[in-house]
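What follows is one chain in structure tokens, specifically the form predicted alone.
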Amino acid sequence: MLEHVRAHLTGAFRAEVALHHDPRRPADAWDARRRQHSSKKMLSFLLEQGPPPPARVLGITDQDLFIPILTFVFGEAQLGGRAAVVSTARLDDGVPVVSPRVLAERVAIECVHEVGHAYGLLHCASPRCAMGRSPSVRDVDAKKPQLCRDCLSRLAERNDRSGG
């Protein structure tokens, strides 16, 4: 799965992607009342443990994530920041995944989406673009693990302004 994600991230952002396995989790991310992990605390942990700037860091976890205003999130990123996190916990929509390929594709789509936010991209109106909104697994399945032409253009403009 990670190689699948890496290939899509490399293609979408034309950037070198290094994989690193770290089984540690932030001790303070678990919220006993919600029985979920705080994605904000996961992002803070990733920033502390990740590579130095300007590199971005993406964490993939099997833990169910939340932000206070939503029941759950597939992932979260710092808009225009350096950290993003994606959870596999809800990408099977509560039923067994038909195949590992389906889960790998969903994870790749959400990873491109969250890293896109870290590069400063906002949600896209195109339901097939990786930057499209995805409140449900069905919405994730409607997307492709690539950026649409408009989002690629926005990414290029941001990179030109920031120098990469």
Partner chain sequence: MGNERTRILVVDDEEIVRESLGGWLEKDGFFVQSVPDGKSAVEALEKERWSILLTDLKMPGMDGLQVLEEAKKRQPDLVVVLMTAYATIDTAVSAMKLGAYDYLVKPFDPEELSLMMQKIVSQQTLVRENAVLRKALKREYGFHDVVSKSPAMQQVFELARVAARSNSTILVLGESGTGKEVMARAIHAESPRAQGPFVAISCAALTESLLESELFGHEKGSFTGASARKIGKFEAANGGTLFLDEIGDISPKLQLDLLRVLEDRRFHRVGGTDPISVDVRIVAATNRDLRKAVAEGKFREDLLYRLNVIVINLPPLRERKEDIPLLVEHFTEQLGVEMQRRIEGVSSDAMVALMSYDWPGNVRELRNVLERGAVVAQGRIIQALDLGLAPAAVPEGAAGVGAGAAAAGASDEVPATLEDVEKRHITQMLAHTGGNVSQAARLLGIDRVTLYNKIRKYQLRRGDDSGSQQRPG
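Keep in mind it's a predicted model, so treat the numbers as computed, not measured. Numbering follows the first chain given and starts at 1.
There is another form of this protein, the form predicted in complex with the partner chain, and it is not shown here; the text below is about that form.
* **Candidate stretches 100 to 108, 56 to 64, 127 to 135, 22 to 30, one within 4.5 Å of the partner chain in the predicted complex by heavy atom** => Result for this chain: 127 to 135.
* Asked: If you check in the predicted complex, is Ala77 within 4.5 Å of the partner chain, heavy atoms only?
  -> Output for Ala77 is yes: heavy atoms within 4.5 Å of the partner chain.
* Asked: Is there a non-hydrogen atom of Leu122 within 4.5 angstroms of a non-hydrogen atom of the partner chain in the predicted complex?
  -> Yes.
* Asked: Is there a heavy atom of Ala89 no more than 4.5 Å from a heavy atom of the partner chain in the predicted complex?
  -> Output for Ala89 is no: heavy atoms all beyond 4.5 Å of the partner chain.
* Leu47: heavy atom within 4.5 Å of the partner chain in the predicted complex? -> Taking the distances in the predicted complex, the answer for Leu47 is no, it never comes within 4.5 Å of the partner chain.
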